[in-house]
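Below you'll find only one chain, the form predicted on its own, shown as structure tokens.
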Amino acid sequence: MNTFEAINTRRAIKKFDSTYKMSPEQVSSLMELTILSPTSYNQQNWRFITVTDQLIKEQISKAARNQSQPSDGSLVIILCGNMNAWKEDPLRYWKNSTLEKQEYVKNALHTKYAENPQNQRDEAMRSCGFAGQTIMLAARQMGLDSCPMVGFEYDELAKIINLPEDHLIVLMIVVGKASEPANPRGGQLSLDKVVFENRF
């Protein structure tokens, strides 16, 4: 499968084959691809909770308003943002670069995020968005299906995963094998409704 085919065939699957189980090697391969996703200043501020334990998946399904995808899918990935990644040993983000580059990035991170929680939050949302698309397309390339989800009770899910205070949950993605195909697409807007050349 090539990239274009993965994009065209990726759908939000609502019914998963509960008997299909991904191997640890598949999960590891998927996450190794995921962490190649871009982040501003290479701060890698996403944090991923991978859940394969059936009891925990069932708790997540309950927190997801009793939707079946988390309990029936093989893997649940909860994408979280670390709001303090910008200041946690920031030189490591450019450890393969010059000391000058490392210091430049450290100072730039401080300038952008130190006094601006909104920037911290916005960056976490962007980073997890990039990573989420990587997960779904990589899963499709692996012959798997996925479903991005934001329909859950935030506080309940936070308790289940023991979310640190300086982190936020952005979304979760269920990965596995579809037990039935997705519904037809609801209807895509035409390009002229959403794409504008040079300016609005």
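Being a predicted model, the structure only gives us computed values, none of them experimental. Sequential numbering from 1, following the sequence displayed.
Heads up, the form predicted in complex with a small molecule isn't pictured, but that's what we're talking about next.
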{"item": "Within 4.5 Å of the small molecule in the model of the complex, all of Arg47, Arg126 and Ala131 (non-hydrogen atom)", "value": "no"}
{"item": "Contact residue in the model of the complex, from Met31, Leu157, Leu137, Met149 (heavy atom within 4.5 Å of the small molecule)", "value": "Met149"}
{"item": "Gln43: touches the small molecule in the model of the complex, heavy atom cutoff 4.5 angstroms", "value": "no"}
{"item": "Any non-hydrogen atom of Gln141 within 4.5 angstroms of the small molecule in the model of the complex", "value": "no"}
{"item": "Partner proximity in the model of the complex: Arg11 to the small molecule, non-hydrogen atom cutoff 4.5 Å", "value": "yes"}
{"item": "Interface membership of Gln67, the small molecule in the model of the complex, 4.5 Å heavy atom rule", "value": "yes"}
{"item": "Stretch from 52 to 60, 141 to 149, 23 to 31, 160 to 168 whose residues place a heavy atom within 4.5 Å of the small molecule in the model of the complex", "value": "141 to 149"}
